[in-house]
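Just one chain follows, in the form predicted on its own, and it is written as structure tokens.
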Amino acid sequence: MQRIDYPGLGMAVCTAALPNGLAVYVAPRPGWRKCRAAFVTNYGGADRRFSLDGEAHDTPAGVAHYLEHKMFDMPYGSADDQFSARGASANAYTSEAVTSYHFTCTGRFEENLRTLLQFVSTPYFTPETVAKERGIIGQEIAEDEDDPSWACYLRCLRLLYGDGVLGSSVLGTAASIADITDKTLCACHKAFYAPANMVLCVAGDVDPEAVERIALEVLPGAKAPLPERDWGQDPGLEPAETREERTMDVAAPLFCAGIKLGSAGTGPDGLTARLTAELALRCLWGRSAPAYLDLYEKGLLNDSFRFEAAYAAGVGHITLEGESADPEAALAALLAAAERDMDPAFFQRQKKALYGGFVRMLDDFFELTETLAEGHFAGFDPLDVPAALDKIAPADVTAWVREHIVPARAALAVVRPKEDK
């Protein structure tokens, strides 16, 4: 394995590219009792249409998440039982961009790692078990649809992307998951769970050479072909629709506003773009930003307000969510903050705060392993943050804000309380 030292961070990362195409990253942390491993595939809710070996596939919405549920099934039972028997905690999640399987343990790491690699690389589906899972996932979908905050968020995505692959829930709908069969899951596993489309990230007091050895022993040795993804037409920078409102059982109006960012960017420039975006959002709408403090004082925002930049299917977008007595006025004021001049001193404080959050992340093994995976798939080293941050100036953030934070790219979904009967 190749060792990359980060003297300024007081740590190192060992990397390897296996013959089957799997990328391995190990962050040794001597003296730490806790270990974590994440086996991540570059496959998420947005990857519904693809071609493999000349055959085109158009899969239902929600298939990536459905597959995540079924991967824990093995011929001997549930892989989760093996983790529990060793005192390990295992779980998984699916986003628009990736599916991650992971465990955390304080002992028997190598046994747990073998189990992780075995169950994720072993497709074991039957028509009966796939049909049984449909009811469980259908209940999860129904619960999300009844959650006002989640419903508002999903409507915002629909406004931004319409019928595109990013315009629907990662879970799919009751109608879409009805079309998922064991053959669907097998086809998607073959396409996206090939080691060359995956990354293994580990953090803790572990032997990097042992991690590589176990991966070589457990996983297929041959390098399989990768699928060609089809995300549809370029969604452009204008939302499909700009406004939607509904009523639900809420005590105060909720809103979710979205702003399209366009291309997500890859490589070192992609890291710089993501950091510039995060700095810009902190400077515009962070808890100490003038715009937030002003709206908080006026009662148009409260401490439920949050924002995030997300990237999938080659593009990015911003979401701003929270409660507001007047969502339209709140969004107008948040967008108007983009027209203000950047305070250099405030910018430097936000830059230091972002750097401090990055340093804290290094001791959070969940965040560290998932960040390593994100950087791998986007083609940059996520631990290059200090050097990349150092190059970002106030003028860069101002230029980014002027380009991206414009009303023409924004959409607003609102959930209002039902009228009293």
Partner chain sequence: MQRTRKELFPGVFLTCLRTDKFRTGLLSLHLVTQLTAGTASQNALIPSVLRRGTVSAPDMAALAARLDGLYGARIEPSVRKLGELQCVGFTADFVEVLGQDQLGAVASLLGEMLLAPNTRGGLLLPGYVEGEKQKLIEDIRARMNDRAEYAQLRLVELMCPGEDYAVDALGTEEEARSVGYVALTRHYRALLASAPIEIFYCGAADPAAVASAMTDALAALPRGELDGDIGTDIRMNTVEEAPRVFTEELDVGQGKLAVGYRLGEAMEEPDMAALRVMDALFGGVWPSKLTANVRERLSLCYYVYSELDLMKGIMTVSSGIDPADYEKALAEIGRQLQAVKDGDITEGEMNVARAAVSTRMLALTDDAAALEKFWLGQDLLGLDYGPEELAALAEDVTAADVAKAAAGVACDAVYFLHGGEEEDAED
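Positions refer to the first chain, counted from 1. The structure presented is a predicted model; accordingly, all values stated were derived computationally and were not measured.
As for the form predicted in complex with the partner chain, it is not shown, yet the points below apply to it.
Note on the interface: of 388 to 396, 371 to 379, 348 to 356, 45 to 53, the segment with non-hydrogen atoms within 4.5 angstroms of the partner chain in the predicted bound form is 348 to 356. Taking non-hydrogen atoms only, M11 approaches the partner chain to within 4.5 angstroms in the predicted bound form. In the predicted bound form, the partner chain stays beyond 4.5 Å of every heavy atom belonging to G314. The partner chain is not drawn, but in the predicted bound form it has a heavy atom within 4.5 Å of D80.
With a 4.5 Å cutoff on heavy atoms, W32 counts as touching the partner chain in the predicted bound form. Taking a 4.5 Å heavy atom cutoff to the partner chain in the predicted bound form, the contact residue among D163, D249, D234, D179 is D249.
Contact annotation: of the candidates A336, A175, I136, A329, the single residue with a non-hydrogen atom within 4.5 angstroms of the partner chain in the predicted bound form is I136. Candidate site formed by S95, R114 and D230: none of these residues places a non-hydrogen atom within 4.5 angstroms of the partner chain in the predicted bound form. Heavy atoms closer than or equal to 4.5 Å to the partner chain in the predicted bound form belong, across 268 to 301, to the residues R282, R287, S288, L293, Y296, E297, G299, L301, ordered by sequence position.
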